[in-house]
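As structure tokens, one chain now follows by itself in the form predicted on its own.
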Amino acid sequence: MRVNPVGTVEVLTGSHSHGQGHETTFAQLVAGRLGIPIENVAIVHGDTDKVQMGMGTYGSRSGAVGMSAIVKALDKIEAKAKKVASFVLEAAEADIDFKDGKFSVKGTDKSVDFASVALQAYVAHKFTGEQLEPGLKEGAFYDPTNFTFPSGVHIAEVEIDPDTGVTTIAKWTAVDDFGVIINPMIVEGQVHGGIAQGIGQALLEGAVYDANGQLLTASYMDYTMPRADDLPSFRVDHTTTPCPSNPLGIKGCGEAGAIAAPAAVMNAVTDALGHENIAMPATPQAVWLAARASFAKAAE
């Protein structure tokens, strides 16, 4: 984490983003902690000229692990900035408070803002190199002590046309516990995307080969990825139980929808059919054949 002399911040992270919104949530975390505008925070990932080391993103770890590393770096930034502020304000370091982007001396009206402290950290007019090394940049690694354990309930209501085997999802309700949530809109978007992926896996998507091993579903049109009209409006909510194994209390959320959706859909389909003799993907043909088997058994 590099604080520039004008008070802007550059965060170099080894946790790569491929659509999860790290550029927003990571910057939101830093801006909130330092009391600066979010547009003053730049997130840099995937640049091997700048980023020392990175393991990318997987296993819904970017929040619990990547953002925890940012918190540890912020702790170091704040600690050094307080030292600088103590020289600027001519007070003991123990008497310096930091809140809402300002350093102040306890019990007085003396204060200085974050940008001014950042400048003083570099020009070093208020202290010598023996007292404090100039500059304001820190690095941190975070190795979690344990996993996170998100939980939740997803309920799917489906309707099956017995004449065609077409399965329609009528309603979807999801309630998840992701611990402390930094940005509810981004979390909800990830749940929506995960559910869509899981519904596609349950009802539509399949790799089909002929007897010679030739892939017959080589295009997205043949593979049958879900489209907007395959999905209902999702009703999404959450409960909050802080996670004890990281400083932010957050849990992974990115894969929740994709994990819950196939099971919820297939449980609903098998419940409607009255038996479990059907595998994913539950295509209209597969459902129609399974429904015919149910009718035949009922007629016996």
Partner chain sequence: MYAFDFHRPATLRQANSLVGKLGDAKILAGGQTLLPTMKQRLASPSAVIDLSGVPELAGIEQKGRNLVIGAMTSHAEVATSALVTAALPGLAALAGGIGDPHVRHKGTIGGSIANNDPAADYPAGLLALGATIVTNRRKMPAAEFFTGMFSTALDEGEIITKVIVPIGAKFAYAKFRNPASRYAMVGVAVGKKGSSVVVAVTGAGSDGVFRWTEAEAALGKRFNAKSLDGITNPAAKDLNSDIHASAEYRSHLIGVMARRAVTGATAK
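Positions refer to the first chain, counted from 1. Owing to the predicted nature of the structure, the values given are computational and were not obtained by experimental measurement.
Only in words, not in the display: the form predicted together with its partner chain, which the text now covers.
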Contact test in the model of the complex: Q201 vs its partner chain, heavy atoms, 4.5 Å: no
is_contact(Y223, its partner chain) in the model of the complex, heavy atom dist at most 4.5 Å: yes
Close approach of D161 to its partner chain in the model of the complex, 4.5 Å, heavy atom: yes
V166 within 4.5 Å of its partner chain in the model of the complex, heavy atoms: yes
Options 112 to 120, 73 to 81, 210 to 218, 89 to 97; stretch whose heavy atom lies within 4.5 Å of its partner chain in the model of the complex: 210 to 218
Listed residue that, although its partner chain is not shown, lies within 4.5 Å of it in the model of the complex (heavy atoms), from E138, D230, E188, E157: D230
